[in-house]
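The form predicted alone is given below as one chain in structure tokens.
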């Protein structure tokens, strides 16, 4: 088992894609192989997964005030 990951930034990006459900089958397969041999990636995967789960549980869905929606729409239209 590797104790040091030399592709940490790339691995983190791939882990985030997978946890967001945006990874390709090839990326999923590559991460699976990597998680069998890289201790830092295993730890990073579990940390990212826990953070995502906590954020999901803590986020509260609220409707935006109509005035805010109108202001955002008008600003977007002014850039077009």
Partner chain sequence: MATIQEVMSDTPTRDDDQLLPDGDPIDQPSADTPARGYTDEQKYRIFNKEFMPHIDSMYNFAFRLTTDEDDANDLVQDTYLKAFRFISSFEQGTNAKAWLFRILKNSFINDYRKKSKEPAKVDYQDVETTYNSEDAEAEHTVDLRAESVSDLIGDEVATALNSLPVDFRTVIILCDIEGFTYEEMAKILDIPIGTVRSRLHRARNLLKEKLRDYASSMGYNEENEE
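The structure presented is a predicted model; accordingly, all values stated were derived computationally and were not measured. Residue numbers count along the first chain shown, from 1. The term rigid core refers to the most C-alpha atoms you can superpose between the two forms while keeping them within 1.5 Å.
Although it is not shown, the form predicted together with its partner chain is what the next lines describe.
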Hey, in the model of the complex, does residue 2 get a heavy atom within 4.5 angstroms of its partner chain? no
Would you classify residue 46 as touching its partner chain in the model of the complex, given a 4.5 Å non-hydrogen atom cut-off? yes
With heavy atoms only and a cut-off of 4.5 Å, decide whether residue 52 touches its partner chain in the model of the complex. yes
Across 17 to 35, the residues having a non-hydrogen atom within 4.5 Å of its partner chain in the model of the complex turn out to be 17, 18, 19, 20, 21, 22, 28, 31, 32, 35
Could you tell me whether the Cα atom of residue 60 shifts by at least 2 Å between this form and the one not shown after core superposition? yes
If we fit on the core, is the Cα of residue 19 displaced 2 Å or more between this form and the one not shown? no
Indicate whether residue 74 shows a C-alpha shift of 2 Å or more between this form and the one not shown, with the rigid core used for the fit. yes
